[in-house]
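First come two forms of one protein chain, each written alone as structure tokens, so that there is a structure 1 and a structure 2.
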Structure 1
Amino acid sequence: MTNQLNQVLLHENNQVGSNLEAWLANGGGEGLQNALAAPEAIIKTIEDSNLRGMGGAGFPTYRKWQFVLAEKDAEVKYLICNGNEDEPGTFKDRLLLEKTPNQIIEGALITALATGVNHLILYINPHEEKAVEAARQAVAQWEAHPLFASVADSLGRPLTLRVFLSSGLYIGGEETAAISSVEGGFPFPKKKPPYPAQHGVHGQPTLINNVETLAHVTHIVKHGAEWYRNLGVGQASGTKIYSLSGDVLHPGVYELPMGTSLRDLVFEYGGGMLAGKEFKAVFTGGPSNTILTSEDLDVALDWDSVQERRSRLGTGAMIVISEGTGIVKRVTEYVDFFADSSCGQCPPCKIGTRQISKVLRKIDTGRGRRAELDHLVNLGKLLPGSGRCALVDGAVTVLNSSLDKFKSEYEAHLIDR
């Protein structure tokens, strides 16, 4: 399959920025027209396509939609298009918002027709100024276009579309934290249940989908579920955007068939390792997931295959590191990020991530002892599930994975080794 066929979300015909007329002239809007013609068929199409959430969890998209659709008595429903994206190594959503905001908005309008949502919110990290500006320009053009009015008429209720700037904090991307922000509060995560689909923004049913997820919706409803499934490799469906960074010759954003091997991503598309470097490992899905090594290079990058390796595809971020790069140092940097990002609500998260960071830094600088390494192991057992959100779990996941795969590096740093 050629690169041209692989690229759906990042195809050159989509590179029309926020110009709505250019988007429509290049085939945009056809998915929305199909949705307007048969809104009751949209969820079944999404189900048959096997589309899953691209924000990290990989939850079946159609199921989320069904939960919101089931809230028949609600006169007001919200959709938050989550573009907060603040995790190290993840930079796909900002590119989609900056270069192709129209396909995202079209996907949001299709979602509205499928679920009865009538308030659409593009929730964007304010640090991504180009993405914010492109989204605002696109929103203004959509609001004035007859297609927007057609969606409102089909819903039978007033329809709104707006850009909302997130807090810019990592924690602000968590679902319930995003809801708190939209309501005007600090992005404190909340325990679930109740789930957003039943009790979200201002107590109303709320659907939260990632930017990339909604971009896929546009093309699935345009071309059909079978077309989308056939884009994948093996049993995988569709395409995935991978954020490739680290010690590779050609870091960047790559849209490839879901199920492309890790080896092909790194060595074919990424150009291989930097000169004189050997592949050592990759942090999959950003730093909050587990580490894959050279033994895993032939794994298919899809939800189920990566999970079989006790890892997660996550957002599709792949941070490649080479031999000679210290695992302890890299994990210390990532745990520092999580410790700085804790909202402070949950003592096990606030104190636990700081404690892990402190011990890691001591070991990395050659001042740690065996007892402190054992302490890290114990923290990795005690802390998971202790917070209102998954932040502390992310910190522990990368810690435990590094201890599982590279414990000898930790031991080599100890004073009493």
Structure 2
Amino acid sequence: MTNQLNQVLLHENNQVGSNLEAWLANGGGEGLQNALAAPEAIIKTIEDSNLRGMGGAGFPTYRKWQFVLAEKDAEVKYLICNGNEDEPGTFKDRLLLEKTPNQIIEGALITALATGVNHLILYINPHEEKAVEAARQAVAQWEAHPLFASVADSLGRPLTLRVFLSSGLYIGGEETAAISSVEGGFPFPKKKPPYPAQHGVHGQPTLINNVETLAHVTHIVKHGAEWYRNLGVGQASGTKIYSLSGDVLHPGVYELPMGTSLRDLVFEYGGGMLAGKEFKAVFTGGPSNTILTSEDLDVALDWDSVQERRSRLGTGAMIVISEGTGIVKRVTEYVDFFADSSCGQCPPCKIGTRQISKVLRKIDTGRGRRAELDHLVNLGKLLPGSGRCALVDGAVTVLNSSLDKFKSEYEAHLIDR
């Protein structure tokens, strides 16, 4: 079973750091060659591969690309390679950037050929110093390489590639916040519409993709869509990087076939529960945290299967908790994280998340009543969609998911249960 681990993105041959020569020697660059040969075929290949965004939302990648491609008249288009990664439990992008920056850059260049973007920005969290350093070195090598010039020629427009340090704030990872940041301001999410694909950085069409998404692109274009699809288990396509943490023996980053079961991830790859504790639940990470329980252990960890359990795959973060861990307390911590991260533009977001946290704390400390629980349900219905960005929805999602799966635990805390 372990032979399915790290087959593609994290294959040891690919973990050559910023060394471009080593990357090319190990089979890198072939995807880009294919793309240069037939740029107009790329989007179809991506569509056939079923690749979806790895930054949390799971939006089909080719669709986003089509929107940006459609902006034919624009002289200048941007690509933001989103490596901001700052939420609890997700720690894959920093590793990819540090160990395999070349496949991300190659993916970005392929994206340029597919969509016509010509300013490529590696948007990286400054707290990840090693990732920043590796990316910088890789960029310098690519700029000097003939392949880079070939891409520019093919585009027929000036091509730039640079590292941009984000603010390091969680909100900076949101797509329009990243745009604000790149424009030189505080990472405030912007109102949508207009959408980035039409009106992004400095008003120009802008594509935002997670760095893992771009890494997949490199291999898809190299090996073809069918090869990629077959990597997945059952209906699922390709591989996924899972960030496993919490009460497991071996926390860490695991690239596995998309659709690997939760049980395998935790008990096979993760080495099982820490100190013989009993498995209770998993918080899936990303902008929208949801919960999977022991009843969901056999769920295939792919977009649709997880969704059927009214949860989300998110970024592939899996935070495992054992029996004895209080769900209400954990949810409070998450909601606090969202409340603190809220940028403040939208009153219902900042105040609503604080209020959820206040009511949760009341219940968690044994001062809550049925009315408080009803209140949480009400907040869960009232707040979604009230912000410019999805942050407030994220706080509500984790709340609703916990109410959905662990209502009885909430009730057990109530004074008037």
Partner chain sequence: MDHEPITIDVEGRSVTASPGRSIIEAVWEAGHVHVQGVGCLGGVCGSCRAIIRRADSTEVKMVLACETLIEAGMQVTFVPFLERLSDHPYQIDSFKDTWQLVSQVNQTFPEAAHCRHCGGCDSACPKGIKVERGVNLAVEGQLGAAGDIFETCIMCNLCSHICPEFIDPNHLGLLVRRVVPSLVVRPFNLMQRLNQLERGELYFDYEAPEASTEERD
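Throughout, residue numbering runs from 1 along the sequence of structure 1. Predicted model only: the values in this text are computed from it and were never measured. Basically, rigid core = biggest C-alpha set you can superpose within 1.5 Å across the two forms.
Assignment of forms: the chain in structure 2 is the form predicted together with its partner chain, the chain in structure 1 is not. A displacement of 2 angstroms or greater separates the C-alpha positions of Gly366 between structure 1 and structure 2, with the rigid core held in common. Taking the rigid core as reference, the CA displacement of Lys407 between structure 1 and structure 2 comes to 2.5 Å.
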